[in-house]
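To begin, one chain is listed below as structure tokens, in the form predicted on its own.
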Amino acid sequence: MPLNDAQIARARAITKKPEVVERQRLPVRYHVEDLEVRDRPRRFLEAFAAILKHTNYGLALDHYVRVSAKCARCSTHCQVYLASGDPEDIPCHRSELLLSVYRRHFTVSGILRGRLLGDPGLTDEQIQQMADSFYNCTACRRCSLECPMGLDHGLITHLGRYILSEIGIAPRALVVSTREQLLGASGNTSAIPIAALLDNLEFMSEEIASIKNVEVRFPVDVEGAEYLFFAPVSDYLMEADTLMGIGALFHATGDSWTIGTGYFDAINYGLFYNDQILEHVLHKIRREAERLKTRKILIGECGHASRSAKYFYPAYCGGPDALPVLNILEYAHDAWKAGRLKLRNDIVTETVTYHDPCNIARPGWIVDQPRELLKAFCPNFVEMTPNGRENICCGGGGGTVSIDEIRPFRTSIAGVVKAEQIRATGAKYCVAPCANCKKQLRELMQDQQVDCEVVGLHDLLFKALDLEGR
């Protein structure tokens, strides 16, 4: 959806703010923290070499440097570039920043050519360019649909962030949150103590009783339950309607589920910038599942948390014997298909549209299920175009929504195409079943002056769910 000249001019007028970074102090690292700035190229290459040695990123990079495409066809699918017009925002240009380092320092031809031509190799300026560029990308991976050579620019951006984090370059917002999650007393990214969690659960039960006139409990630390539920922990502070909808959903189905007090945060920022953190967080989920002897892992309305658990939990936590992972949208859809939910279609009569979170829609995992469910009780459902696997990102993907310092960039460049897409639907409600998407879209609706309320799918399900006789 191209912007008009006035919108492009307004977007380009927003100055991109530099990333706020600090040294990474989490347990596992390849660098020494007290080295000076002049050592960054050496440290970057050492971290890069260690990652290549202990992972299989090298297989992908060997292929990418041989077929590296610079045709810029990916630019037609990059909403950041479409809004900014800056050549540095073209995905293949960004990928080349890291591929050129791999080609020069980790291939035989590059090493020999460097020696023959006297090329000094990686410089501090190149590292700074990567640090500035990689967090302009929302990591939505829409560009991969258009690349004729099959390059996954989102993967390359992720690897670049991973290497940078290992030498102490990472957004403060992500570092502080993961430090609290892995080392802090609360053990979660929002620093919510267990007492506050229990108070919130009790409050939500009381709210459901006052609205639906039924007693709905949120089970805690139930051993042997079928589902161990993990919500993005911020939902307990800001998304009570979503959680009340999920509680009412389980009340209707009668299935056994529980929330664990040993660990209850679905958020996994490691997916955004560091694979070791990704692994550590997944092991916290595994240990809680083992403690409570549950049979399945259920992730709430969160795109990145769902993708982290669905695709990486088996790799890090048991392989084929790992517990199955489901998203709450899948569970609700299956329950509705089985005739276990009674939904009224005369409650939510406003125009409703649906935003596809990139992490669950881009791979084709969760696309049709939420639409079928919404159409069952929303008579005035309308689609955005494009949608599904080709959806447009909210503009805050890849962890950028957590960085408040770059809100002007997120809402005036990265998300402006999405804002116009939502505006065109005329919808009263935009359903966005992802914690990060909700935050970004609400800020986007405010800054771009779009009259649309951003909600979770279970917010509306709670309104339409008929619990009479349950």
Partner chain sequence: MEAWIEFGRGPLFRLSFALMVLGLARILMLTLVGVAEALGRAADRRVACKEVLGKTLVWLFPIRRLWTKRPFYGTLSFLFHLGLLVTPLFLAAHILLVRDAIGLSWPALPRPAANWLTILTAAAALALFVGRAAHAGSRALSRLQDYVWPPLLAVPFLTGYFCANLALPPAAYQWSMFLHIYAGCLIMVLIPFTKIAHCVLLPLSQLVTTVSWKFAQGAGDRVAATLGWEDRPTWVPNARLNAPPERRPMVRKREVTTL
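Residue numbers count along the first chain shown, from 1. All figures in this text were calculated on a predicted structure; none of them were measured in a lab.
Missing here is the form predicted in complex with its partner chain; even so, the following discussion is about that form.
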Legend entry - Partner-proximal stretch of 214 to 222, 342 to 350, 149 to 157, 241 to 249 relative to its partner chain in the predicted complex, 4.5 angstroms, heavy atom: 149 to 157
Inset, instruction - Go through 198, 191, 71, 209 and name the one with a heavy atom inside 4.5 Å of its partner chain in the predicted complex. - result: 71
Inset, instruction - State yes or no: in the predicted complex, is some non-hydrogen atom of residue 161 no more than 4.5 angstroms from a non-hydrogen atom of its partner chain? - result: no
Inset, instruction - Spell out, yes or no, whether the shortest heavy atom distance between residue 319 and its partner chain in the predicted complex is within 4.5 Å. - result: yes
Inset, instruction - Answer for residue 185 alone: is it within 4.5 Å of its partner chain in the predicted complex, judged on heavy atom distances? - result: yes
Legend entry - Residue contact check: residue 325 to its partner chain in the predicted complex, 4.5 Å heavy atom: no
Inset, instruction - Give, in sequence order, every residue of 85 to 119 that has a heavy atom within 4.5 Å of its partner chain in the predicted complex, or say none if there are no such residues. - result: 87, 90, 92, 93, 103
